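Before any questions on binding or motion, here is one chain by itself as structure tokens, the form predicted on its own.
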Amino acid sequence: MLEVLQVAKRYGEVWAVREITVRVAAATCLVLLGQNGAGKTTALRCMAGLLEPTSGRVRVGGVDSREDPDAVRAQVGLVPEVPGLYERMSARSYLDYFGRVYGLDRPTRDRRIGELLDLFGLSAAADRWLGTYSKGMRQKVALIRATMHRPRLVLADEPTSALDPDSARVAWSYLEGLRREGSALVVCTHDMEEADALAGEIGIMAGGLLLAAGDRERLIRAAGLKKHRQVIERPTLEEVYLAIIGKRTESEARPA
């Protein structure tokens, strides 16, 4: 579904993303972990066709983002970390507008908007202006907006950062449901527990580089975590992450 081939993105003299390669199949999930500034958001925007890579290729469903960016964007739902909403529209009108942009017919729009507003606990506030919404409510609307057309690829940047624990569980369950229905997911998050539960594969980024990617066992090997006791507890994802980041830090600190 998604192919990212040697993608790099530069702003002036600064490389935000440096030659990352990753593939995500339909009905699978890749979680990207990394500190702020690691390049995750830039990578997501390149995947979505919103940024043109300085070098490398992005293909979604076999379509190259350089050759047909509109066809790529039509297959993608992007959930940004900071929702950009039209504050003088109600949630219902706003979502109906985007449903029309996505080409959904009126009965389908009404049904999906109603179901998703109810799922995320927004039905009672559906006719209020978005400018009156809390940060968490805005994030829910952004998630609905990005996914109401059931895109083939969902790209989510910290989709639950403003949500309370109960709302976050609903959001993760909803995203997992989209994956089971066949959507490919790429999710950036700082929540190690949720990343471990959601991901089929995990990518660890730092300094614009994809340091390691794969399932948990592959990451354990990449981290160099070895068995020191006869009875070994499986390393936590946080331990694996810190070991991989630590190896990069040690490498940078060595004299040339």
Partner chain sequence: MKLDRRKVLLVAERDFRDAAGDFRLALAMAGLAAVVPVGVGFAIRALVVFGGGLTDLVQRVSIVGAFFVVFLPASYSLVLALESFVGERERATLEVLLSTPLREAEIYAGKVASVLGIALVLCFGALFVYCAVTFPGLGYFPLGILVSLGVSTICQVAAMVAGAVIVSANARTMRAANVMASFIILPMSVVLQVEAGLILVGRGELLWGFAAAMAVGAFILLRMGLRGFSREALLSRETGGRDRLRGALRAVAAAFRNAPSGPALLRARAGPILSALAAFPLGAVLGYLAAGLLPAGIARPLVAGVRSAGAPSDPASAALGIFGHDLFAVILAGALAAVTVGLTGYLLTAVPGAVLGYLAAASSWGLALTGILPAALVEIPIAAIAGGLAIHIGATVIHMEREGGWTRRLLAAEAELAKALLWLAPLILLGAILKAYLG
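Residue numbers count along the first chain shown, from 1. Source: prediction; values computed, not measured.
What follows is about the form predicted together with the partner chain, which we do not show.
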Please determine whether each residue of 212, 234 and 241 possesses a non-hydrogen atom within 4.5 angstroms of the partner chain in the model of the complex.
no
Selected contact from 108, 123, 93, 167, since only one has a non-hydrogen atom within 4.5 angstroms of the partner chain in the model of the complex:
93
Out of the stretches listed (181-189, 115-123, 167-175, 69-77), which one is close to the partner chain in the model of the complex, meaning heavy atoms within 4.5 Å?
69-77
So in the model of the complex, is the partner chain close enough to residue 18 to count as touching (4.5 Å, heavy atoms)?
no
4.5 Å heavy atom contact, residue 135 and the partner chain in the model of the complex:
no
The partner chain contact at residue 14 in the model of the complex, heavy atom, 4.5 Å
yes
Residue 83 versus the partner chain, in the model of the complex: is there a non-hydrogen atom within 4.5 Å?
yes
Using a 4.5 Å cut-off on heavy atoms, what residues in 89-121 are near the partner chain in the model of the complex?
89, 93, 94, 97, 98, 100, 101, 102
